[in-house]
Ligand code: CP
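Encoded as structure tokens, the following chain is the form predicted alone, with no partner shown.
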Amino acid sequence: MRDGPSITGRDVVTLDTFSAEEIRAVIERARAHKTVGHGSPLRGRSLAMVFFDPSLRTRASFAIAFSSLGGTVIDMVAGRDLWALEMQEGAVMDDLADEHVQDAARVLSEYADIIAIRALGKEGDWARDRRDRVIVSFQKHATVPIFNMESVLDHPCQAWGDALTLEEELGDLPGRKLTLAWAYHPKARPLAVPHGISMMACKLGMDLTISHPDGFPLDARVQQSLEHTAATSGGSLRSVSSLEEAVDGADVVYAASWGSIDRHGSPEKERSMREQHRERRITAALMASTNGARFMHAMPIRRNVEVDDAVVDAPGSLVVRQAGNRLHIQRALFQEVLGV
């Protein structure tokens, strides 16, 4: 084990619950893994992954990270491998659900040292979806640490991996300028990645600019938390609508797409609003107007819709390294949370 701040036994659900020192300590351990290796400290330990939504990078990186440390991984898909779960407390279970989440969480806690959940919410009402009921229910009833593999509100392991990538590329992050740029996508994408990358930037003292069209703000309570975090970390936070203004002087342009919260339960109205911004994408000309900014994206990427091929494949694109660093940051997180 390493000296320094300990996160042993903690849930990894949002970066908002971790200090900058704790975030950097995990990054330090991940960087060490990349140079000196990691051994098999999780031999005899187990990870249970439960997916309510599809995944590529998260599923692969979680499973390979844990197993490469010597552990055992079980991968389950809700609706295929599990009984239908009831989330309502005190429910009279005379409908479709066969098992209550409290029973599933307690039983999985008997088998696994960590339970990891991916659940993006499907209730169609933002006030309900933002409660992250699946993650919160597992947190309440499990007796082992819970990892968030992306929920409605956050994607902490993506953001932690992005922080590792940024430190490798830029060095110290305080005062560095990161632009989170809304780009058009044909679907209403979740807010987890923009929330997570914004919190990471604010926690680590970066100067964050968020650029989005009218009608596509971040969650209001997340925004308040970002403002408080930026003020206390020595960083800064501003919002502008113009992409050209947003990327001026940026060290990093991070493209992301997300849906309109105000029209969260009205898909046709949301789509109509989003379609007004089809031309809003990251182009080579836009990147050329920056001060040599690096390009980031959490993937999957809609090439030549969100961002041009010339940007994704340019020397300053960090997207593949971002994905690769998920493996290293998750190895470090597993060890830190399990105290090995």
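The model shown is predicted, which means the values in this text are computed figures rather than measured ones. The first residue of the shown sequence is 1; numbering continues from there.
A second form of this protein, the form predicted together with phosphoric acid mono(formamide)ester, is not displayed here; the remarks below concern that form.
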Between the options 203, 212, 155, 264, which residue brings a heavy atom to within 4.5 Å of phosphoric acid mono(formamide)ester in the predicted bound form?
155
Which of these residues, 29, 57, 280, 38, gets a heavy atom within 4.5 Å of phosphoric acid mono(formamide)ester in the predicted bound form?
57
Examine residue 326 and determine whether its closest non-hydrogen atom to phosphoric acid mono(formamide)ester in the predicted bound form is within 4.5 angstroms.
yes
Decide whether residue 150 counts as a contact residue for phosphoric acid mono(formamide)ester in the predicted bound form under a heavy atom distance cut-off of 4.5 Å.
yes
Taking any heavy atom pair closer than or equal to 4.5 Å as contact, tell me whether residue 298 reaches phosphoric acid mono(formamide)ester in the predicted bound form.
yes
For phosphoric acid mono(formamide)ester in the predicted bound form, the stretch among 49-57, 271-279, 287-295, 29-37 with residues bearing a heavy atom within 4.5 Å is 49-57
Within 81-95, which residues have a heavy atom closer than or equal to 4.5 Å from phosphoric acid mono(formamide)ester in the predicted bound form?
none
